[in-house]
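Just one chain is shown here, as structure tokens, and it is the form predicted on its own.
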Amino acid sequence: MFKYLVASILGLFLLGCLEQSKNQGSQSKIEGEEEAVLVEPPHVPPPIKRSHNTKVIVKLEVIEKKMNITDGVEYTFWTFGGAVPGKFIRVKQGDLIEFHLRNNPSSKMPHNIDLHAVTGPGGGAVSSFTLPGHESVFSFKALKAGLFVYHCATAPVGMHIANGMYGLILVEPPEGLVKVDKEYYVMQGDFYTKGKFGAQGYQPFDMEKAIDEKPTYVVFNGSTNSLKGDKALKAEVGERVRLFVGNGGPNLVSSFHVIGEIFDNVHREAGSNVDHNIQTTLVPAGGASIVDFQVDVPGNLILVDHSIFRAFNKGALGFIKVEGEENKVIYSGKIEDNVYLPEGGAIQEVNEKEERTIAKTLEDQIKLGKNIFVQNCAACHQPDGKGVTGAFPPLAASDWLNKDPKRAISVVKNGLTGSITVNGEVYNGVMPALGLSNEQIANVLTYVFHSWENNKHIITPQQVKAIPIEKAKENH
């Protein structure tokens, strides 16, 4: 009997704590005011140090602007604060938010904002419909802690979101978040252009593709290159990294994964419950997640949507560059490289279908070759041709590539397995045959040879055709 009495008392106590937490935001006292620090991705404002609640003034401007969605491809983004995703907003549970939505006079469309952190009609959308050159002001109490999406909700809603009108607002719990060494802001979105992936020049929005949910691009932070090269996220061995991960959609669910890491802690859908040791977490369209992990070894960690063709063929790929001392116990690197020759083996076949657009000039050939490179090669060898140290050899100023154009043709046509030395560094891996036509191989190699301080060889389809189709073999 005593056991059941204790359980009942404990249950009432926990229920009281839950109600106290639930009412935390609505009953808090407001002291003073401050203007919110708004930060563009991939960075976030610093953690909130104050212990009291205050009035937070948020000033966010809508700007319609052309930016590159990938190399050589312009798109008109509609943005909150000039960036995709919009600027990161950080407040505290119980704060009173005075929101100023400003629509730049150069805008062609009215806009508003729906914040999933708002308890009220339309998440603020009803009160924030704003014409170009105007400002709307409304307020709300941050009642619940969590990481929330905000987006435009002006008709047609899907089009506004598809053009990049989304971002994240973090409502910290009263006690704040557990301290980490680095915090970053990553948000996925799917984009719909008239032209195919990599088609050069200005590309307008395609409503039919959007309705059919067939995106041309799926990217992090508004571009295929937003988290690559000099823009890669950075960390040191031993540091704990927190990612605020959002998904603006408008259509796709993200299977968010970091290749080379396991999430120590995951706030699924950015709620209060925390799961541990998670490999991949689903982030719904219009949802978010908070993940953190300690980095233990140096190298490049790769952020992907593990619906994997989106990563390597539509752009949902980024990097965390980790520097520091190696730990061979945790990760040894390759210890041995032994020959393995199973019986049989199929001869690789190459699709010899004629390319739709035949290059008539060297300029055409380079332009077409760049499109092929972006679609098939950039994910590994990187958009700047510099490769990934220890994984994918550089094509930029490559002594191995420039020494023998016929060998380069054979590699693209037949694939490559084994060890090669490029600019003094040994690479050991597998490159599959890509199934390109003779015309496509000639174009992409001509583009590579005319880029990044290479020796400007011109490759013709006739030269490609002269190279025989072979069994995959080691090349040194």
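Think of the rigid core as the biggest set of C-alphas that the two forms share within 1.5 Å after superposition. All residue numbers refer to positions in the sequence shown, first residue = 1. Keep in mind that this is a model prediction, so the values were computed, not measured.
The next section is about a form of this same protein that is not shown, the form predicted in complex with ligand HEC.
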Flag residue 381 as yes or no: does it have a non-hydrogen atom within 4.5 angstroms of any non-hydrogen atom of ligand HEC in the predicted bound form? yes
How about residue 444: is it within 4.5 Å of ligand HEC in the predicted bound form, going by heavy atoms? yes
Is it the case that residue 130, even though its partner is missing from this view, gets within 4.5 Å of ligand HEC in the predicted bound form, heavy atoms only? no
Answer for residue 420 alone: is it within 4.5 Å of ligand HEC in the predicted bound form, judged on heavy atom distances? yes
Among 30, 67, 37, 434, which has at least one heavy atom within 4.5 Å of ligand HEC in the predicted bound form? 434
What is the one choice in 112, 398, 107, 226 with a heavy atom within 4.5 Å of ligand HEC in the predicted bound form? 398
All of 376, 411 and 430 within 4.5 Å of ligand HEC in the predicted bound form, heavy atom check: yes
Only one of 180-188, 244-252, 265-273, 398-406 has heavy atoms within 4.5 Å of ligand HEC in the predicted bound form; I'd like to know which. 398-406
Large Cα move at residue 36 between the shown form and the other one, threshold 2 Å, rigid core: no
Is_shifted residue 51 between the shown form and the other one (CA, 2 Å cut-off, rigid core): no
Verify the C-alpha shift of residue 382 between the shown form and the other one: is it 2 Å or more after superposing the core? yes
Shorter or longer C-alpha distance for residue 419 and residue 312 in the predicted bound form, given it differs from this form by 3 Å or more? closer
At a change of 3 Å or more, would you call the C-alpha separation of residue 197 and residue 401 in the predicted bound form closer or farther than in the form supplied? closer
